[in-house]
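Here we start with a single chain on its own, the form predicted alone, put down as structure tokens.
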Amino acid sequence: MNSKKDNNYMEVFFDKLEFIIDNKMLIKLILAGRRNKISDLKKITVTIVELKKGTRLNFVYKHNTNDITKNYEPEEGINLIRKALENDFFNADIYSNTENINLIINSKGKVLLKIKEATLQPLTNFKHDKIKYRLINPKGNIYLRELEITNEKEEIRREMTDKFKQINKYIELLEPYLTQINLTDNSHIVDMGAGKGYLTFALYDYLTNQSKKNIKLTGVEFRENLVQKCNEIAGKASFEKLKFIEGTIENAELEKIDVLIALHACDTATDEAIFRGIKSDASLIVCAPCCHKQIRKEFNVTGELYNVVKHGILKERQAEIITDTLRAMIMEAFGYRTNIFEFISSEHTPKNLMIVGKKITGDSIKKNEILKNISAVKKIYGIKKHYLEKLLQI
């Protein structure tokens, strides 16, 4: 801090924070404005919760690809907030029942404190199990009942809790990408390997009922009984532009694809999905791969690196990493900006990696340079050809 005045502002802030927490008047506190711009930690949100052990401060650490939640005793939590302002963040905003308090620290350490009238509705219930906001609402959704995610009272079935979390996380992750590509009424989304349709229905529900998009969505599934059942549910839910067709990723007859989705397509089926997306010049390609067999069989590693793949389990994991790395690089060579992240915690599903490719325009694609880098990676692991390369004939 630069002066005694700055120290006074900081202490006023923490005096008020302690008083607000002690009297359970805290609605939320937000720490933001990263000191380190490349830090993966974007912000921290703090609220009060009542547990069996007593009052706790609930910290939600917002990272680029996931959130981490932890509970602390008030005194410990306040100390963590102080350390976060010293090391991680420039700003703190307190929203309480009686007032809003804004603390700003500039890069030179100067502190500014602003106190304003309260703007949020006061909280009286601090139960930890309060209803969370969900992008997919269990109330009034016929398809959730028909898929046995909810019961007749429109409550989430206990055994389907993880599935409901997965659905909401899926929509939450896709939302920013779908917003970026500016879907129109003529846009066509294809979900390859739709299975029982959990995520397909949820995506259509979100786009039509929340985003108010008049899109067309096609679910592709090779099992006739599932296609028939999903079409029946779509009819009951009055999802007019959602249909399911019988077919495979490789041979399904489809019109132009604007968004291609393939979740848990086994082994090279993921490559076939990416291939169809690239050939259709899709604006967005979304894949959640599994069963990475092709590259694992091709590994021919010698020298010091042999120890990395000597053990079966490590070889399997390395094959997953290299397979999906090469997929992302190949997509980049064909004009897609890619991102790979955790779809949902492995606590809910072990098949939890997602690859997203967004078509970019106007940028110079250094295809030859990317292909050269792909060859270098393959050489290290003794890989002759990635299956996606064969499909794209590169």
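Here, rigid core means the biggest group of C-alpha atoms that superpose within 1.5 Å across both forms. For clarity, every value in this text was computed on a predicted model and none was experimentally measured. Residue positions are given as counts along the sequence shown, with the first one as 1.
FYI, the form predicted in complex with a small molecule isn't displayed, but the following is about it.
Asks: For the small molecule, considered in the predicted bound form: do all three of His188, Ala282 and Gly357 come within 4.5 Å of it, counting heavy atoms only?
Replies: No.
Asks: Could you tell me which one of Lys110, Arg223, Arg82, Arg317 places a heavy atom within 4.5 Å of the small molecule in the predicted bound form?
Replies: Among Lys110, Arg223, Arg82, Arg317, a heavy atom within 4.5 Å of the small molecule in the predicted bound form occurs only for Arg223.
Asks: Considering Val309, Ile278, Leu183, Ala269, which brings a non-hydrogen atom within 4.5 Å of the small molecule in the predicted bound form?
Replies: Of the listed residues, the single hit is Ala269.
Asks: Does Gly195 make contact with the small molecule in the predicted bound form, using a 4.5 Å heavy atom cut-off?
Replies: Although the small molecule is absent here, Gly195 would touch it in the predicted bound form, with heavy atoms inside 4.5 Å.
Asks: Is there any non-hydrogen atom of Glu250 lying within 4.5 Å of the small molecule in the predicted bound form?
Replies: Output for Glu250 is yes: heavy atoms within 4.5 Å of the small molecule.
Asks: Determine whether any heavy atom of His264 comes within 4.5 Å of a heavy atom of the small molecule in the predicted bound form, and answer yes or no.
Replies: Yes - in the predicted bound form, heavy atoms of His264 and the small molecule come within 4.5 Å of each other.
Asks: So in the predicted bound form, does any heavy atom of Ile149 sit within 4.5 Å of the small molecule?
Replies: No, no contact at 4.5 Å.
Asks: Which is the contacting stretch out of 141 to 149, 294 to 302, 214 to 222, 89 to 97, given heavy atoms within 4.5 Å of the small molecule in the predicted bound form?
Replies: Checking each option against the 4.5 Å cut-off leaves 214 to 222.
Asks: Once the core is superposed between this form and the one not shown, does Thr325 show a C-alpha displacement of at least 2 Å?
Replies: After core superposition, the C-alpha of Thr325 moves less than 2 Å between this form and the one not shown.
Asks: Rigid core fitted, is the C-alpha displacement of Thr338 between this form and the one not shown 2 Å or more?
Replies: After core superposition, the C-alpha of Thr338 moves less than 2 Å between this form and the one not shown.
Asks: Given that the CA-CA distance for Asn168 and Lys42 shifts by 3 Å or more in the predicted bound form, does it become closer or farther?
Replies: Compared with the shown chain, Asn168-Lys42 is farther in the predicted bound form.
Asks: Distance change of 3 Å or more between the C-alpha atoms of Asn64 and Asn209 in the predicted bound form: closer or farther compared with this structure?
Replies: Farther, not closer.
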